[in-house]
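Alright, two takes on the same chain below, each alone as structure tokens: structure 1 and structure 2.
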Structure 1
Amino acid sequence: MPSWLIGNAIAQWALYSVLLLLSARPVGGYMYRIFTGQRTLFHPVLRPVEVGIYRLTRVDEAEEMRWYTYLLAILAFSIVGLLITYGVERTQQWHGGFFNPQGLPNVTPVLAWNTAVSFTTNTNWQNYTGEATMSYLTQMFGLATHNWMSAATGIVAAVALVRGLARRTASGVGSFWVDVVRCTLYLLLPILFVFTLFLVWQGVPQDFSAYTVAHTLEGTTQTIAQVPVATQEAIKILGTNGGGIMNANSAHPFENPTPLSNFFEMLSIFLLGSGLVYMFGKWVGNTKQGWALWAAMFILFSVGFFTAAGFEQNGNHLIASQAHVQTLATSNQPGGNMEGKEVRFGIVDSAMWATITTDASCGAINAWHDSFMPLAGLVPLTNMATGEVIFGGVGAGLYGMLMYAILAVFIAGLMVGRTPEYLGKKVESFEIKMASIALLISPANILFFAALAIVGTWGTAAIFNPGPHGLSEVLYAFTSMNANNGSAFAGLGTGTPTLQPAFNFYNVTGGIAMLIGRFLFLTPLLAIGGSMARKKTVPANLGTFPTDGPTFSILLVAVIVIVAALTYFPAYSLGPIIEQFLLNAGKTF
């Protein structure tokens, strides 16, 4: 790879990293003020609204919840939202007029189930073409509202866990209703207002007109969707939702028109996840604790980006040898693997976006991951398989990383023969059992449904690329749904209604996998928060393993890599790894 290309990748990574680092403290500090009930800049305007909501809903602002009550509130809130969204989809043909100018029909029951679950769980897995399936009302009320609420739910779940870790001899972990109101009013609303205006300035439309029919120079017609994009694009990115109004998602110029919008959309994906890590350190009274987690996340992000960019820039040597197409970078063209990529973004921006969107539970794409080179495609697959703890989805990344932190101190305690401690509290059998259960949920969920998909025509009928790549597509699908990500190896026909058994199978099982990945995974982690809240702190001594320095960051990275490698390596060796070996040998499927 020419040095100028390496320099381009490093320069973009460096700029992104500096801005992400600089944003962590102000964003995290602001979130700390919100969730500890302190006064913020927006209190004069929004505090009366907050109090009014409490009065209307009869919520006691001072009331605390135990961890299981907090969890039940999350479940009740999510189930009601799921049912409302399902109803909106199933009654779509009667929206009429302004809300459905195209006269789109009702969404089918199976697809409506999958979509309602998908947006409820912050996954935004889309087995449909957005602009041709969902009406304006479904997009704005059913789906965009969930983008707000699922993001807020993930954030406050992490807040509850952090509150439990920071408290001493307490029984409660906060109030879900108070946390979600404050998150929506003071955090999401102000940022999204500014972000939406920025996107409109960049050229993202906010249009309620009927679709435009254009006549092309070739004498054919083209239907151009006129959709309110900007408001949904902003929360889709900031809330790490990922579901686009357009089928091409963030590769579409209506959703992501310029290199500047592309860069700031990537920055927004990590913005709140990064800030939550700093908030954690500030809340527990030692910001070094937060920076230790942040450093581990950053190392994993950087390794993933340079791995993906390197393999994509090297390209496919078979295209050069068999199709006689220039794939090496020269002074006149960048070379590499441009299949499935937008020219206005290129290889580096596409690899960086793919890494970021799968580090977080975002799933928005600006290039087709299915067209990546085998080991470049392994990067987003592995990112999701870790539980997306590399900054991660809003809230989900932090509480997933804290699970690994508890396991890491347990391993360190075994090494020195002491009871493990974290944040001055002893980590005992209950916490280790809960962390172990949470750790096992994801691989069981992913591998069970992937195995089920490939043992019958109900799953294999949707595989359009037989061989190792087809297995990679199935693994990617269920990994994405478990991780509440929503991106896909698009060669798998999960959204093809003509393949009726496969269409039904992937929509039904996918909905189940998404629910498990969101709520079953969260349950033992909130239990840890409740358990730790009741404990007293113990003074540090010479045998205490420090968890606020580089040694702990390195241990944390090692635990994540080893656990992911040992768990998924057998499956990956039959998919992307063997595909790379076959490609090197001159064979393709």
Structure 2
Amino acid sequence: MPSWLIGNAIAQWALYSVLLLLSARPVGGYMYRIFTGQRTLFHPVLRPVEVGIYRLTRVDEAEEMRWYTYLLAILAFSIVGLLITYGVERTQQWHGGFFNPQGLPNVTPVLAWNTAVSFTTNTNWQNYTGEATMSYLTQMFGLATHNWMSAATGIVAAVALVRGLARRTASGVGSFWVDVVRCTLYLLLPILFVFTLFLVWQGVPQDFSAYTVAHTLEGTTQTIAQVPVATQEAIKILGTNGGGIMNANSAHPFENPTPLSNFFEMLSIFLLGSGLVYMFGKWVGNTKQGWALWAAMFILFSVGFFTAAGFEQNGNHLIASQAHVQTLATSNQPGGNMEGKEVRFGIVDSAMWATITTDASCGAINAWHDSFMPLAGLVPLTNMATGEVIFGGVGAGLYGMLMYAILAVFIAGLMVGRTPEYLGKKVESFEIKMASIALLISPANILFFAALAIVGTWGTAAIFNPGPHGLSEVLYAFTSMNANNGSAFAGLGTGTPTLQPAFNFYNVTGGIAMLIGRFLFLTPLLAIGGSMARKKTVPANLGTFPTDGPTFSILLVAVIVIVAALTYFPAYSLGPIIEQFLLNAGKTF
């Protein structure tokens, strides 16, 4: 790799990191204001709307919910949303000319179930080609709305947990309804307003016209699907949802037309996750507590990025030798592994995007992960398998990371000679029981369904790439669905209705896996929040396990790698790892 290219990877990483770092404090501080009910800049305009919504929906603004009421509200809200979306999908043919100009038919039941679950759980796994399956109404009303609602749900769940950690001898963790409304109005809306217009300026379409037929220079025609992309693109990125309006997702020039749009989309993916970490520190009264988590996340992000970028730039030596293709980057071509990548993004932006979207639970892609080099593909896979805690899905990243923090405190905290405590609160068997359940969910969900898929043709028939790569496709699918990411090793034919029984298998089991990954994981963490809220706080002293310094950040990284990531090492050794070794040995399938 020529030094100037390493220079470019470092330069992009550095610019990105600096902007992310600078954004954390203002965004996090603003979130703190919102969720502690303080006045914001937008109150003159939005406060009347807020009050109006409470009146319309019969919400008592001053209500304080116990953790299980908060959880019930999340579940009720999600189930209602799920059912409505299912209904909208199943009635598509009656959406009318304005909302369904292409006259697309009703979505089939299994696909409608999978898609409804997928969007409700912030996964946005898509077993369909958007432009050819979903009407404008389905996209806007049935799907895009979930981008808002599931993002808000994730954020406020984290907020409830943080409240629990910050409060002393309290029984409530806030009101779900108030949190959701405030999150939507004061946080998402203003950012999205600006971000959407920015994207349109960069070239992302926002119109309701029917598809345009262009007469190409070579005398054929090309039907161009325009769709109101910008509004959905903005929320799918900011809310770490990832469901593309187009099949090619953010690789599609209409979703992500320029390197600049790409850069700000990447920044938006981490924006709220990173801000939440700062908010957490501020809320518990010691911003260093937040920065310690932030640092751990940043280390993992950086390692992931450079690993992925390195292997991608290294390229495929078989192609290099057999087709005489340049893998070294030069000033006028990107080199590396360009299969499934866009020229405007090249290697660095594609590897960075893949790392960021899977650090967070944003299933958007700007390059096809299935075509990544084996060990580069291992990066997104591992990122998701460890629960997307690297800044993470909005909210989900923080509460996932707090689970690891509690486990790290418990495993190593004893070594200072006190029973473990986090943020001045004793970590006792209830918290450990809950954290253990949460820790157990991911491997159980991923490995069980992946194993189930691999033992029969219902699962293996969908495999597109033969050899170890096929196993990677299946592992990736359930890892992504469990983690509510939504990206895929998309060769896996889960969205091909003619490919039965695989189509039914993946749609049904995928829906279950996504629900488990979202709500079964969330439940124990909210329980921890409820239980921690009730506890007394022990003031920190010299004997207290320090969780606000670099030692803790490093410990946290070690716990994530050893306790979580290595669990999948046996399975991965038969997937991406052996594939890389076989590729090195010149073996293809």
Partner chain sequence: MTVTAPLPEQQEPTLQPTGHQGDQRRQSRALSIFEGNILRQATIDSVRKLDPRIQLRNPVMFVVLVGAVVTTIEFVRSLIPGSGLGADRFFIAAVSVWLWFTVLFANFAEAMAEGRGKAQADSLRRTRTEAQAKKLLPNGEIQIVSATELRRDDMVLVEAGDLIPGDGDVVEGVASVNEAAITGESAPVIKEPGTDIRSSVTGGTTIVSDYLKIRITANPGETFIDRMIALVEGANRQKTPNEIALNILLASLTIIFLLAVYTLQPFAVYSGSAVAVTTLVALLVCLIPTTIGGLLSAIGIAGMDRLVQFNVLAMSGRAVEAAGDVDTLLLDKTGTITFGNRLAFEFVPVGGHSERELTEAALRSSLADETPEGKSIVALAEQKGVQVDGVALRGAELVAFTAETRMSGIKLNGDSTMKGAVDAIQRISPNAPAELGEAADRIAREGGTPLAVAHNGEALGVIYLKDTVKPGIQERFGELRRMGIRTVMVTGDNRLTAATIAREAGVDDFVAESKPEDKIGLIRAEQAEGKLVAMTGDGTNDAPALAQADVGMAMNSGTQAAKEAGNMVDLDNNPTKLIEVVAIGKQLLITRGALTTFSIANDVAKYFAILPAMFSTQFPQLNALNVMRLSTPHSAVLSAVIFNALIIVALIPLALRGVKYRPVGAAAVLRRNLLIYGLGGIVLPFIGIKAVDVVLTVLHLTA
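Numbers follow structure 1, counted from its first residue as 1. Everything quoted here is computed from the prediction, not taken from an experiment. So that the term is clear: the rigid core is the largest set of C-alpha atoms that superpose within 1.5 Å between two forms.
- Between structures 1 and 2, only structure 2 derives from the form predicted in complex with its partner chain.
- Positional change of Ala564 between structures 1 and 2 reaches 2 Å or more at the C-alpha, relative to the superposed core.
- Relative to the superposed core, Lys426 undergoes a Cα shift smaller than 2 Å between structures 1 and 2.
- The rigid-core alignment places the CA of Ala76 less than 2 Å apart between structures 1 and 2.
- Lined up on the core, Gly417 has its CA atom moved by 4.0 Å between structures 1 and 2.
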